[in-house]
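Starting off, we have a lone chain in the form predicted alone, written out as structure tokens.
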């Protein structure tokens, strides 16, 4: 694993740096393999990044978009990660609909939806039994509680190691989420973190020893690059040996 930690002066600089890295990874993947795969994060922090991506002149037909997790709501619901990304980016450009791969949320059974999306991933990446996909870029954030994607503290999803997709649980509400092993097979994982409220969780995530069950972002140790991009408000208390 190649870990890079950068603390940017403010959120605007954080978004610009994130944009630079995402463009580099997407363009590099297209040059190397003919297409690029990216999994998006939800929440408010990455929305300006998606708005910036909508201004770029990229070969959209060569980019495939997925999500790292999804709330179990319709895509037109205000809480939908898919809906946010479509409004900020995907619907603003000539993005081929076949290249957009949202997590399904229509089935009354979330476990069935997780299995359905896993089957789609296996078909898209042409995986054999036991194999995991290698996304070019997976974008992540963290919550104040140290969760990432929909891998919440002390939930069953943290212990799923033989699946690509599983059901997360947020205060009794189901989510669909990538598993930690899937995320850890990515070529590049980018955490984009903003705000003072994240400092206590970051202290535990970066600590030499801490409980991954309590701070699930510690589980993310990818085979490829691990980027931690923090604004000053989030990262100013990190010790120099963390960076």
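As the structure is a prediction and not an experimental result, all values here were calculated from the model. Residue numbers count along the first chain shown, from 1.
Here the subject shifts to the form predicted together with 6-phosphogluconic acid (6PG), a form of this protein not shown in this document.
By the criterion of a heavy atom within 4.5 Å, residue 166 is excluded from the residues contacting 6-phosphogluconic acid (6PG) in the predicted bound form. When contacts are judged by a 4.5 Å heavy atom cut-off, residue 155 does not count as touching 6-phosphogluconic acid (6PG) in the predicted bound form.
6-phosphogluconic acid (6PG) in the predicted bound form comes within 4.5 Å of a heavy atom belonging to residue 43. In the predicted bound form, no heavy atom of residue 105 sits within 4.5 Å of 6-phosphogluconic acid (6PG). Residues of just one listed stretch (178 to 186, 43 to 51, 57 to 65, 210 to 218) have heavy atoms within 4.5 Å of 6-phosphogluconic acid (6PG) in the predicted bound form: 43 to 51. Along 126 to 145, these residues reach a heavy atom to within 4.5 Å of 6-phosphogluconic acid (6PG) in the predicted bound form: 141, 142, 143.
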